[in-house]
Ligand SMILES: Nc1nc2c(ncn2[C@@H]2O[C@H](COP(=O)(O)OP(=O)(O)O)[C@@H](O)[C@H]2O)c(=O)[nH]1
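Quick heads-up: it's one chain on its own, the form predicted alone, in structure tokens.
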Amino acid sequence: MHVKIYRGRSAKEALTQVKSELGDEAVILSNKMVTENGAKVCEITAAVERSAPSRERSREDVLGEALEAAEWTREWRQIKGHLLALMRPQMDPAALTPRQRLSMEYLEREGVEQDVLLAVYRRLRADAGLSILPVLEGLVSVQPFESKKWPQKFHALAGPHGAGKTTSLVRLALREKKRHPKTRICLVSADQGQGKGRMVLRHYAELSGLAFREVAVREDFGALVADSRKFDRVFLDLPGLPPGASLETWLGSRAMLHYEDLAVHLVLNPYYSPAQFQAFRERYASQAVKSLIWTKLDEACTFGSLINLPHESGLPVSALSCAPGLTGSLVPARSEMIWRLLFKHQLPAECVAA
């Protein structure tokens, strides 16, 4: 993205410069009056995506690329499976202490994947006195969703349909408002394909005295950024993406991909199948995604995915959600909560109390 600042004696003069240099595709990121050489001038920050020209692709081109990508993905999974199969015999349970061995067996029953088990085994074998928790803590990081740890003004929730994005967004906003009553919060619907989600978001915004906006095209996000000086926190509900789409492309088309004051949080349930998790990792892979939010924990039977996905993606866990209510049912994640879920199937006490 190409970003540039323009100044003029009036908004019209500055906008003329923007249109002349960046064209009609430019997005206005901010519009304000500043003092320059003792005089008031209009300052506009604008941006435009710069992409290399490309020839029009035929259907055969598109089909060929899709087949090549699918073939490479399939080959890599096969290679990875063969490597793990070769290394599995090297995981000798007798090399571990009885307590370590029991822990490894438990993790396997919980659905922890083979590459994670191998990483745990190597650490345990190197130190007979090592407990399994320090090893797991090195594989799963936690960054609680709290104002001081997440200073960005814009927080967007992404994830598949039915994962609980809209509900989680309302829960985060209400939690923030309860702890900091003077915080100015705006709820934003960017999910134009799901009318119900927009209605729910608008409804709770009106009930709670929160602002509400919608983002449909790239110009809408520019307008939202310009309007954001009225708010301390902006929560965006992003659409679920169909197969073949990518979050990176969607964010880029709305001029949101490189916006520094934005953090995207991936919302998922712990009971998806391994194939679904793999598909979601690919579909929602983006530099803008900063954390994982686990929802519907009370509906899960095993919790191995709480280890697998953070280990694979490198993303910290920021929040945990369970129970049907909107208040008190989502809490900032802490390491001990994850270990209680994994080893005791114990839900966070804050959620249960709610």
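Rigid core here is just the name for the largest C-alpha set that superposes within 1.5 Å across the two forms. Residue numbers run from 1 along the displayed sequence. Since this is a predicted model, take the numbers as computed values, not measurements.
There is another form of the same protein, the form predicted together with the ligand; it is not shown, and what comes next is about it.
Residues placing heavy atoms within 4.5 Å of the ligand in the predicted complex fall in a single listed stretch, namely 159-167, out of 220-228, 173-181, 159-167, 122-130. Looking at S318, you'd find every heavy atom of it more than 4.5 angstroms from the ligand in the predicted complex. Put simply, E36 is far from the ligand in the predicted complex: not one heavy atom of it is within 4.5 Å.
By the criterion of a heavy atom within 4.5 Å, T295 is counted among the residues contacting the ligand in the predicted complex. Residue contact with the ligand in the predicted complex: G314 places no heavy atom within 4.5 Å of it. Proximity to the ligand in the predicted complex, defined as a heavy atom within 4.5 Å, holds among I28, V41, A288, C322 only for C322. Relative to the superposed rigid core, the position of the CA of E336 differs between this form and the one not shown by less than 2 Å.
After superposing the rigid core, the Cα of S10 is displaced by 2 Å or more between this form and the one not shown.
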